[in-house]
Structure formats: C-alpha cells, structure tokens
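In the form predicted alone, a lone chain appears below as structure tokens.
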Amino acid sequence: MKKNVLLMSLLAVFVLVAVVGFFTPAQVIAKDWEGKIVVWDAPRWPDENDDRFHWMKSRIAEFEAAHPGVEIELVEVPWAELGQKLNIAIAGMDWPDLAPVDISGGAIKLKQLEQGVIEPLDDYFTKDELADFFPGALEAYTYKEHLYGIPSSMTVHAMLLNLDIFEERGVEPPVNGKWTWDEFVEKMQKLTFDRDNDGKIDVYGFSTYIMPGYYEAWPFLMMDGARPLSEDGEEYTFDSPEAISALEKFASLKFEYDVSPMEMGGNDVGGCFQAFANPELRTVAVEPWASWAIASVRNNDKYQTNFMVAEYPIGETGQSVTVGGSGGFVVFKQSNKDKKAVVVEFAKFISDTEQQYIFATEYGTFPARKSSQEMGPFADNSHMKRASEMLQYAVSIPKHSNWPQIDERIQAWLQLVLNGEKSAKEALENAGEEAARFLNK
C-alpha cells in the first residue's frame, strides 16, 4: 500500500503544488447528440424536503435545458448497495453511463478496469484543466498513466465528540484533539453511565459499525503499525502482531471496559449515527466518521450538536493515523463516441469548480480542485479546519484489483470478533487464509 501517495495528495488540499503532467491530451469537444443517458447516484445532503438527491436532480435539469434532445435518467442507489448493484449490472452487461465512486473506498476499482467497462478520459481534458486538480486526487483515478474518472471530492476520517455529554460527566476533552490509547479508554469509561438511575447503562462512551467498504474502525486496527497488505499488494499482513494487538484493544472497549453498546461492530450505519447525533437519543459520546458527518451535524437543524473533532487515539507507534479517500465519477463503456463525449461533458459539468465548492460547504468533503479550495469553503468552519490537520496522517485503502473481495472477508471476520465469537488472532488469521485466494491475481 502506497502510504505516502495519499499523505502527499491530501496535504495538497491546502498547499498548492505542481501537477506532474503525464497526460498530453487534445481535448475532445462534445458534438450534437440526442438520446438518453443513465446516471446512477447515491444520497447526498438533504434539502428542506429531506430529498438527498436534490443536488443531482438540479444538475440534470440544468444540463438538459442547455442540451435539447438529451434526456438524463437518474437511478437512485443507496451507498451501501452501490458496489453490489454495479457488479450485477456489469455481469449482465447493463451498466449505467455514469456512476459515482464512493469516497469511503477512495479510488477507482481496478477490477472494473480489468473488465474493460470503464472509459479512459485522457482525451477529454487539457493540461490546464488537469493542473487544477490536486495530484493525489488524480492519482486515485489513474492507472498505468491513464485517467479513468473525474475526482470531485476528498475526505478524511475523524473522531466526533459530543461536548454536552463530556460536560455532563465533567470530563475534559482531549487537549488539541489528541490522546493516547490509555487516555482514550479512561475518558470512555467516565462517559459511560446510567443517566436515569434505573440500574442500566443509558449512555456509552464509544461506538462504531463494521461493514464492507467502510473504514471508520480501521484507524484503530492500524494504530500499532499494522496495514492490511504489503507495500507491493502481494501479501496479506493484517495477521501481524501489530494488527492482533490493535484489534484486541479495539474489542476490549466492548468486552473488557464495557464502554460500548452491544450494537457496536454491527452494520447498522444509520442507527449508529442517530445514537450520536439525534438529540432525542444521543446515547453515545464519541464516534468516528468520515468528514461528511461533520457537515451533517453542523448543517442539519435536526442534528445541531455541540461537538468537536479529534484524532484517533495514538497506539504503539506514537503517531496518529487515519484513513482518507477520494470520491468522483466514472464513465462506463460507450459504443457511440458522440454519446460518450456528452456523458463526459455532463460528468465535467457536475465536477466543476463551483460544484466542488458546494460539496465542500454542504457535504463535508475537501475539494479535489485547487480553484475550489481557493474559494475558501472552510473560512468559517473550525470543524473542517481541524479535520484538515489530520490529512497528514491519512493512509489509503489498498488499490488492488480484488480489494472488494479481500475487504469483504476481513470485515466479516472483524464482525465476528466484535460479536464475541472469535479471538482477534483467530479472526485475522482466518481472514488472511480467505484473502490469499484473491491476491497475486
């Protein structure tokens, strides 16, 4: 896994650097074409009617108005179902024309490139256009020096702390948002309590969820120095002593220290978020989330919360670690070059400077474009500024062609540990045995 790639790229969100120009395209201009384009998208931020697809709908309406004869069909797909639905569509050779890349996964899927279903976009961008993207954002969508998508946003995972619960319990938040593992455990114990004195715990210090394609829990697994695969991506390394020790600590939050609810480690993403943010619940003081959650808590009146952003606890390495990613859009294989040009034009339309600025302010992401960052989307957002400081500690999820299959097996065994069914050592070793079938292919 190329740790320094994401580190350098995400740091570039706030430090403008030169882009290495490995593309030398002559830009293709879309010609007149009429017909239907099928676009998949997943929920974004809600409008006043709680419509989480309003942004894409407005982009479609504006594009159609400027392109008579072009009809864009929007297919709404939950993020958690996106990968599987795309696999089914590809198997049936009935893929969409355009689809999003989940920012949690962080990059294009090499398996889709190997299947030949993703269009290269080199010829649709000038050097000047490419120079507006941060280098790491482009790298996430680059394979063998060809561009296979348009990055539209970047993210980093961070810890969100409900300060009202900290104050209720008289617990001081970590100074500057930094804490060691021992300090973290001590505070989680103090934040776990019986609020209504009925003899049952009402509020827990910490919780999170586990499911394929999502990595809120993974910085805990990496805090002692472990990484899931070797640098060259050929060996499974999540059964190292560093990985086992980290997972044992992580599981101890639930089974030894009793600072996490029994639901911790399940796959109920919505329920986990509500437990932290919903004012009628707020039964968990601390949860890790990707930066989109910052915008959700800040911008939605339903979730207005007195909170702060902190780093993951520091383990044996003595260094903070987190996970980052880059979201965007990919164009699927086209038989008509004129249609392809229009699809790419729409993809560029929804990924331009203004839209990336809107994403940063409304969706809790970092722009993939320098021009969007220069507009100052976080001028009045101390939470996103604090999250940006964690970019220097961010590592990427491995860019392996069979990563979805490898990830699925690791996550399944992690769930068994958090269910109390397997030890950390047994689970990580068994995950490695299953993952080995998908390596070196």
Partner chain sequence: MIFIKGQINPTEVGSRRRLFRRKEKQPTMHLLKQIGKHKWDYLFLLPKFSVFLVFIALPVVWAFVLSFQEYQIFDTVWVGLDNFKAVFTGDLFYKALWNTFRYTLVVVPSQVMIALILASLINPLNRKAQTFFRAAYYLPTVTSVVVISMVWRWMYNSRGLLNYILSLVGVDAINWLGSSNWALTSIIMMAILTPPGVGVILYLAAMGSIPESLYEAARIDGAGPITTWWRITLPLLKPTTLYLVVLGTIGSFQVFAQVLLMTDGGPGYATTTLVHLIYKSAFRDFEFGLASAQAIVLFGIVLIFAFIQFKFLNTDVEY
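Between two forms, the rigid core is defined as the largest C-alpha subset superposing within 1.5 Å. Numbering follows the first chain given and starts at 1. Keep in mind it's a predicted model, so treat the numbers as computed, not measured.
In what follows, reference is made to the form predicted in complex with its partner chain, a form of this protein that is not presented.
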Consider the chain as shown here, without its partner, and state which of T237, N300, N267, T180 has a heavy atom within 4.5 Å of its partner chain in the predicted complex. N267
Candidate from K333, K348, H146, R169 lying within 4.5 Å of its partner chain in the predicted complex - any heavy atom: K333
Does any part of A412 reach within 4.5 Å of its partner chain in the predicted complex? Heavy atoms only, please. yes
Since only the chain is shown here, I'm wondering whether W95 would be in contact with its partner chain in the predicted complex (any heavy atom pair within 4.5 Å). yes
Non-hydrogen atom contact E263 with its partner chain in the predicted complex at 4.5 angstroms: yes
With heavy atoms only and a cut-off of 4.5 Å, decide whether S423 touches its partner chain in the predicted complex. no
Tell me which of 314-322, 83-91, 123-131, 182-190 has residues with heavy atoms within 4.5 angstroms of its partner chain in the predicted complex? 83-91
Would you say all of Q112, V117 and D202 touch its partner chain in the predicted complex, counting a heavy atom within 4.5 Å as a touch? yes
Applying a 4.5 angstroms cut-off on non-hydrogen atoms, the residues of 349-367 near its partner chain in the predicted complex are none
Core-aligned CA displacement of L221 at least 2 Å between the shown form and the other one: no
Once both forms sit on the same rigid core, is the C-alpha displacement of D182 at or above 2 Å between the shown form and the other one? no
Rigid core aligned, does the Cα position of L86 differ by 2 Å or more between the shown form and the other one? yes
